[in-house]
Structure formats: structure tokens, C-alpha cells
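Below sits a lone chain in C-alpha cells, taken as the form predicted on its own.
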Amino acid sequence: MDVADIPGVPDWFQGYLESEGIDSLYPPQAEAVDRGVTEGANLVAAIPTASGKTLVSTLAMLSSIADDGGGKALYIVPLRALATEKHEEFAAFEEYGLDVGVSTGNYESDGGWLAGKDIIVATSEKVDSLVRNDAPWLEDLSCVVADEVHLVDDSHRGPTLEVTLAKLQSLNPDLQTVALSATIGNADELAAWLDADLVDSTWRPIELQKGVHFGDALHLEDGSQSRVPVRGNEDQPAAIIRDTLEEDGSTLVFVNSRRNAESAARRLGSTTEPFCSPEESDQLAEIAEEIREVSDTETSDDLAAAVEQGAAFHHAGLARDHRSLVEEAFRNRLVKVVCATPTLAAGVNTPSRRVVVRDWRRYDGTAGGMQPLSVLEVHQMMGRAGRPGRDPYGEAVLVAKSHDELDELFERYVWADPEPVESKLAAEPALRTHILATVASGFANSRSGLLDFLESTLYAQQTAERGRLETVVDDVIDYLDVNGFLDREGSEITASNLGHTVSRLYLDPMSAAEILHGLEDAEEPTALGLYHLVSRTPDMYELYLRSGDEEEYTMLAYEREEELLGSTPSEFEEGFEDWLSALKTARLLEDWASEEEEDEITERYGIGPGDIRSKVDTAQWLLGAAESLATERDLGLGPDIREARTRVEHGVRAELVDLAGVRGVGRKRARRLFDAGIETRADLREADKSRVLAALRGREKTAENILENAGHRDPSMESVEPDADVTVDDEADEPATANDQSNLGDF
């Protein structure tokens, strides 16, 4: 189908597509148009990576906006990184008069500023919170797109996406729903759930051959073989990568852990470095220096060292800026190989000539050992092979160590169809959160109303076991009632004031109960006590206890027992180990809020800079929620909680709380200014500029920006010399992007 023949889209869109080099649609895109995607039809598009799913969604969104002139489109993604990527992509439409917004944080907001946007990109958790906070513009939506909708199968994110889609359709029965998915085993069930037409296709713009490497040969699914010998000290991935580089191709290597990603990248640098031209090596050295500036940690140094050789690793422990630099360098073909954990397969745009799935098993704590990856997950990784317009083909390769494993991998993954997607909504933790939100948001006001609402979910579509769902719902209602989140009167169920607050704060009700229990008898709680309290909640992912940790943190619990809030379990109780894990997490947060160096924290706890950011983000949110709950119960603990929250936000001791809140200051600059006698925001507003300049190591532009942000009447540093009487430490002055915790990366 020629782009000129697409009905329902704005007049300018044909010219836009042609300017992007698109004059005709791919077959799955044309099928979507034939099935009415530009005329308001619901659609599930289950097609491979790189086969044009985003354009299908764009056709739906633009036609829905153009249809009545007052439409509004919402694009739901599973990850913050993907939200940023899609926002940048859709921002190209702003020159044609559309307004595009992105929202991923602040779960307590109704996103009122989004009301004027034509296209909104948001994570499923953010959309769920917007529903809970009664964002009025949600009723104006004409189209919603759910990207990576097969993630309803994910036990953590899936229930939120599932319930959110059901609520959006309930709010607006005329809403057009477009769901984008990888090729899955039961796309027809998703289509039936969403009352949608189905485009289920295996077509790709570039041929993808799947295969297995064993010995010195690459065995492909079409029966062909090619010689890829393992030479000298090479392992199989190194041999495959060298073979790819000889054809000027790039490679993604998927491994099962962060440590393996880092060690593989270190080893593969010797393979990639000979293929880097002198000009590329110079550019890689510049990128490596940018990486070192992001954070002063061993992880940062290791990544920079790998990048200098043309290799990199990518996992959730990296800071956000680390990941962005790696992804951009890989897309620009400067970095030749990226060794990644499966997080990179979840939608971020990083295709390559070849994909190597080195590890097809990973540790599963629930199973107590190594377990095979799902077919869907492996196929998602494999789908990254082959870049339209860049590669003549794509190859996805598993690695076998024996003849038996060669046969097993063909049977298990190469020739296998992906598993069916199954709802995870019936698990009690998910229902606990979503039942309260469903009642508090007014979608149901009785047990029968709750069950009727749940009938609109994928879970109801997939199961005839209504009795099981009723049992779990009754258990959850009882729990919410006993803990004061719901009120019952006859058959009617309403959310209490506390229940409304908990739903608005986007808390798991069990987290709220834990926080309230801990705060009830608290008097002047310390930062550690508060950090431990929020770390015990289901909403915080605790650090694991390593060998020797149990003894260390048991001793810490005895030493600081008076600071710890709520009841302390016995060493012999089942939950004691989790309680200690929370204490370890709290100690990390205390170290960060005591101005410990980032590299010392990452080494002490065996984590990456991105993990610090994850814990800090979650602690900020939970402490903000704790302050709201304390206010709700009139506990009078607001100032103590607020100080602990601000300290962890900026990573500073109590005396720097005010100063670190000035934009651009951050934790290290705040300390230098404080040591120079500038102790508060008010001091900074009236400060002698020469002292400020000296404390900031003579960086005039930085000093001007900080003084302007503080409200100084004359922030200009023209003709200002640093005060010679001000001395600062000898540490390198890191940029604000490294010192400000808001740039440490996200999880």
C-alpha cells in the first residue's frame, strides 16, 4: 500500500513519511490499515521486532486526533527508558502543530499539565496513578496504545497494565485500543479480551535466521552450515563476534547476570579493538571520558575501559547516562559489541547484525536453581538481529557445548513457538493493590461490582475458575477492611479516608500498614529507623544478604535497636532474614545520606550506581508517602520524616539539607560551599561571589547558574576572582550531572 492511499491521517503525514524515506507500507502495516486502524478499530498487532509496529500505532493515534479535532492519544510503555525514546520519536510531529508530552514519575499527581497535549507517552504505572488521581483529561482520550502488551504475563508489571487498560475502556467505551506485541502463542486471546481485530504476522523487512553454534560451525534453521572456527584463546562468542566484525557487523551478546555481562565485555575488548579505526578509537576515548564523568565508581571505570576497546556492557546497575552513552555509541557503530542482561531486549532500539544468546539458563530463587529462559524471552532477544537499512540480514545464535545441547537448543528455542501469555492478576499482592484502587476510584462499590469489573480483565477471559477469583477477592476485602482501608455497610463497600490516601499515594496497602504500625509509637525517629521502616515494605526491593552479612547486620540490629521502629522479630522467626535484608538496605541509604562516596557504597554493597538511584528513588517516594500517612493520622512526625527524605534525596547530612536543594548544587558542591561558610540557601543568595567562585573551583558558568537558581541579585561572574582565603579539598570537581542523585540513573 502506498502512503498516499492511507485513509484518515492528517494531510501532512504523507509528506512526513516520504521525508523519512517511506513511500509504501510493510505488509503487516497495510493489513492493519485494511482492518480499520485509521478508522477507530481496535487492533492487536502481534508482529516481530523491526516490522513496523510503531508506525501502526502512529497511524491510529494521528487519525484519532484528526478525526474530530479534539482527540487525544495515550501511548503506554513498560519502561522509563522506552518512554524517553518514544517521546523523542513522536516529538518530530510538533513542527506540524501537535503537542507531545511524556510523564513517568510523581505518582501523587493528576498530571493536569498533560491536558493540553495531543499525544502523551507514559509508563503503565504512571497511567494507573493518573486514573487513581482522577485525571479529568483521561475521559477525552480517543486512542490508547499499549506497547509490549505481552508483558501482561509479567508477575510484577502485568497486573497494572491489565487493570489500567480495563479501566480506560470503562471510562470511555468509544476508546480505540491498539495493542502492540511480540509474536506470541495466543494473540487471538488478547484480541478477544480487547474486542479487537488481530494482525498476527511473522513477516520481517530483513530475513532473520536462527541457529546454534557448536564446535567450529554455525548451524542454521534452514539446514545450512557455515564455518565459524574458534581460534587460539577464543571462546565461542568471541569467534562469532570476530566473524561478524570481518563483515563489518555488530553484535549483541545476552548473558544471565550483571557480573557475566561485565566480565564478557572485558574479555571481548581484545576481539573488537583491532577492528576500530584510529578515528573510531579517538571517538571511543571521548565517550569513555564522558562515561567516567557520570559517576566515580569502579563500574564506571570498567565500562569506560571496555568502551575504549570498542566493547561495552549494559545492565540495570548502570546509571541512566551510562546506558544512554552505550546505546548511542552502539547505534553509531562505534561500540562493536554490547554484552547485556535481558533488560536490553525489552523494547529499547538497539538492533545489531548478529545476536548471540550465550546463556539460556538463569538463576531463579523461587525454583532454587538455574532455570531455562522462556521461548518468548529468547525470541525477544533474537529479534534484535538485523537492522533495516543497515544490514542485509540478521542472525541470532545460541551457543551449545555438546551435540546433545545442539539438538536441545533447536528443539527448545529455534523451532519452538512462543508460550501463550497468561494473566497474573489473581495473585493476592496484585489484587490487594488493585481492588483498593478500583473501589477508591469509583469503578466498583460492592463485592458484586468488583467481580463484575474483574470480568473485563484478561484473567476472566482466560479462566473459567470464577470460584478461585471470588475466594481471593474475599480474602483481600477482609484484609483491607481489618486494616482500615475499606468500610463496609451492608453490601456496599467504600474506601475510607485512609484508603483513599493510600490509593492516591500509589502504595501497596501492606506497605501502608507496615509504615503506620512502625510510626504509631515513634518519638523523634532517626534517619536509619525511617529508612529501615520503608525498606521493610513490599514496595522496596531489598538488597540480598551475602555470606557473612547475617552476622554483621544482626550485630548492627543489637547496637542500634532503639532506633528501629515497630516490632523486631526473633532470630528464629521465618521473616528475620528479610528483616535483616531491609536493615542492609537502610544502611546503604544512611551511608548515601551521610555523604559517603559513591564508589565506596557500590564496593561495600556489591551494587552499581544505578542500584543506588533505584533505592534512593523508592525511598524518596515511600518517605513522602509516610509523611502523608503520618499527617493523616495526626502523628506529628512530619518534620522528622521530611528531613530524612530530603537527606536521602540529595545524599547529604542534615546540615546541608537546605543548601543541597538549590538546583545545580548537589552533594559535593553543597559540602564545599558549606565549608566556605555559605551554609544555607539564604547565605548563598547574599553570598560574596568571590567566595562562591573559590568554593566551586573557579568554574564561572557553574557559579553563575547556581547563584541565579538561588535568587542572587547579581549572579554574573564577570571580573570576579576566586577568594584566595577559601580552600577546598583536592578531589576532582565532578559535574552536577554526576553529583546530583537525580542523574544517577534509573532501574
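Residues carry their position along the shown sequence, with the first being 1. The term rigid core refers to the maximal set of C-alpha atoms that superpose within 1.5 Å between the two forms. What you see is a predicted model; the values in this text were computed from it and never measured.
The same protein also exists as the form predicted in complex with ligand ADP; that form is not shown, yet it is the one meant from here on.
Participant: Tell me which of 681-689, 26-34, 703-711, 717-725 has residues with heavy atoms within 4.5 angstroms of ligand ADP in the predicted bound form?
Facilitator: It is the stretch 26-34.
Participant: Test of understanding: in the predicted bound form, would K72 fall inside 4.5 Å of ligand ADP by heavy atoms?
Facilitator: It does not: once ligand ADP is placed as it appears in the predicted bound form, K72 has no heavy atom within 4.5 Å of it.
Participant: Check R353 for me: does it contact ligand ADP in the predicted bound form (non-hydrogen atoms, 4.5 angstroms)?
Facilitator: Contact with ligand ADP, no.
Participant: Although the partner isn't part of this model, could you tell me whether T38 comes within 4.5 Å of ligand ADP in the predicted bound form, counting any heavy atom of the residue?
Facilitator: Judged by the heavy-atom cut-off of 4.5 Å, T38 is well away from ligand ADP in the predicted bound form.
Participant: Answer for R384 alone: is it within 4.5 Å of ligand ADP in the predicted bound form, judged on heavy atom distances?
Facilitator: So R384 counts as contacting ligand ADP.
Participant: Decide if the three candidate residues L79, G111 and T123 all line ligand ADP in the predicted bound form, where lining means a heavy atom within 4.5 Å.
Facilitator: Looking in the predicted bound form, the three residues L79, G111 and T123 all stay beyond 4.5 Å of ligand ADP (heavy atoms).
Participant: What residues in 48-62 sit within 4.5 Å of ligand ADP in the predicted bound form, counting heavy atoms only?
Facilitator: Heavy-atom contacts to ligand ADP in the predicted bound form: P48, T49, A50, S51, G52, K53, T54, L55.
Participant: When you overlay the rigid core, is the Cα of P173 off by 2 Å or more between this form and the one not shown?
Facilitator: After core superposition, the displacement of the P173 C-alpha between this form and the one not shown stays below 2 Å, so no.
Participant: Tell me, please, whether between this form and the one not shown the C-alpha of G490 is shifted by 2 Å or more, with the rigid core used for superposition.
Facilitator: Comparing the forms between this form and the one not shown, which are aligned on their rigid core, G490 does not shift its C-alpha by 2 Å or more.
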